[in-house]
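Only one chain comes next, encoded as structure tokens, the form predicted on its own.
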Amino acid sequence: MSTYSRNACLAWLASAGLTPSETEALLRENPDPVSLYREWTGGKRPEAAQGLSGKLQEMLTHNSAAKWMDAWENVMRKCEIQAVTFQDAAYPDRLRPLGDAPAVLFYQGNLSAVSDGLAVSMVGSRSASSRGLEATTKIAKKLSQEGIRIISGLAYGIDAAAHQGCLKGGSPTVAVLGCGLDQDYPAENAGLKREILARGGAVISEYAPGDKPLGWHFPFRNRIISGLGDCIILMEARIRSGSMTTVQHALEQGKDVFVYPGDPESIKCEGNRQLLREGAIYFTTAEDLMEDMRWLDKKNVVGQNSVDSGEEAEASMTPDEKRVWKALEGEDRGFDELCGITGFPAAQLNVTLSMLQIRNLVRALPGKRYQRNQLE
């Protein structure tokens, strides 16, 4: 039997499409991926495999073939891709508290850039305005000059401007991808990716080398973007967008959400306006954010969201918010359950829950469940 590296065996494990909890269960039973691979290909199944569907077990068996393992071995060596698991000391501490933290994380570059010092997650529209791009670059550069790293997703628009601004400021920046690290996606940002790595930053992903940038990967990877920051900045976004999904993740993780006002008449900033109306933290400069985060030696002026009285809260709710509020009367409910009760698609429910959480009317519980807050 061929001997494969730990990195290649982790790529095999990540390639089958298991959930983080399913992968974690396998690694808890056998923390050595090489030993786990050998046992699997030798016909010995760990007890944790009994919790996997037949399809997932078939996928792990199919992907354990020598041609796939050789391919992962070669691409990880060629692209200088490394991998860590939740059990490794090098695994980013900021991700450990997440209920759905990736069990395996692939990276290129300097992994310490992911964990060291202060960090801000910065997100926004792919089709950003020139004003939004200019403001993003300026704010990211100033934060970077103060030693604060920027976390973003290497997409067109705001993401790219955030990374570029951070590089101009001299601090490392971290890009979180929704595909394998051997994929240059988007292709136009391949040069930016190389510069991030050359300047001491990192590019990370929970997807195995070879995994394509599928649409459903990106909303899921956004929890990593928000999880790696001490807070999150929204620069420009439509109400129903991937950026608003990242805001939702940030709220569930207990992170402060800072919103740039943007163009008051642009549809590209409709998400900004909605979040600000509901009580997100308004800011226009890097200094605003640093002061509110107590990163400057100044008087704390952090704006705290107050909890409305019951009458005030319901009177100020939108029809969508009232429907979710009513669905939560008397008990907490899961996200899928709320979708069924309200009839809202997932994207619409995400936005509505975000607004209710920003106003401290609803709070997130473990397991993607939600509950009303007590009102005066």
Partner chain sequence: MNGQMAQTLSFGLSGVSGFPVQVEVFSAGGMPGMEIIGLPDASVRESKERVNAAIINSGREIPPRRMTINLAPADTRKEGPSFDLPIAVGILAACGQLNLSPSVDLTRTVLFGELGLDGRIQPVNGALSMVISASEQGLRDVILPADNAMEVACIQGMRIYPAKHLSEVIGHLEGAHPLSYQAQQDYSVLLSRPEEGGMDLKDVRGQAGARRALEVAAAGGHNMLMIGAPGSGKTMLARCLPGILPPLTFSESLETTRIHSIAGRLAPGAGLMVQRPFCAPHHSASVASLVGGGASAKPGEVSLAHNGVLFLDEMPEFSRAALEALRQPLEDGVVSISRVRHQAKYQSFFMLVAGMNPCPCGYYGSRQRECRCSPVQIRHYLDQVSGPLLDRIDIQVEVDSVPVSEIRNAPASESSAAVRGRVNKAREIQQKRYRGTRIHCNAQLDNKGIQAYCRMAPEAESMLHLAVDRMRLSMRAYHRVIKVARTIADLNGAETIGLADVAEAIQYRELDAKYWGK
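Positions refer to the first chain, counted from 1. Keep in mind that what you see is a predicted model, and the values were worked out from it rather than measured. Between two forms, the rigid core is defined as the largest C-alpha subset superposing within 1.5 Å.
What comes next is about the form predicted together with its partner chain, which is not displayed.
Here is the short version: of Q82, T284, N110, S127, the single residue with a heavy atom within 4.5 Å of its partner chain in the predicted complex is S127. Note on contacts: among K255, H217, K142, R238, the single residue with a heavy atom within 4.5 Å of its partner chain in the predicted complex is R238. Contact annotation: its partner chain lies within 4.5 Å of heavy atoms from the stretch 346-354 in the predicted complex, the single such stretch among 30-38, 322-330, 65-73, 346-354. Taken together, the three residues S266, D336 and L365 all lie with some non-hydrogen atom within 4.5 angstroms of its partner chain in the predicted complex. Although the partner is absent here, E188 lies within 4.5 Å of its partner chain in the predicted complex, judged by heavy atoms. Remark: Y370 counts among the residues lining its partner chain in the predicted complex, judged by a heavy atom distance of 4.5 Å or less.
For A25, no non-hydrogen atom is located within 4.5 Å of its partner chain in the predicted complex, even though that partner is not displayed. Interface residue remark: I358 is counted as part of the site for its partner chain in the predicted complex, having a heavy atom within 4.5 Å.
Although its partner chain is not shown here, in the predicted complex the stretch 136-170 places heavy atoms of just one residue, Y156, within 4.5 Å of it. L356 is among the residues whose C-alpha shifts by 2 Å or more between this form and the one not shown once the rigid core is aligned. Compared with the form shown here, the Cα atoms of A103 and R363 move at least 3 Å farther apart in the predicted complex.
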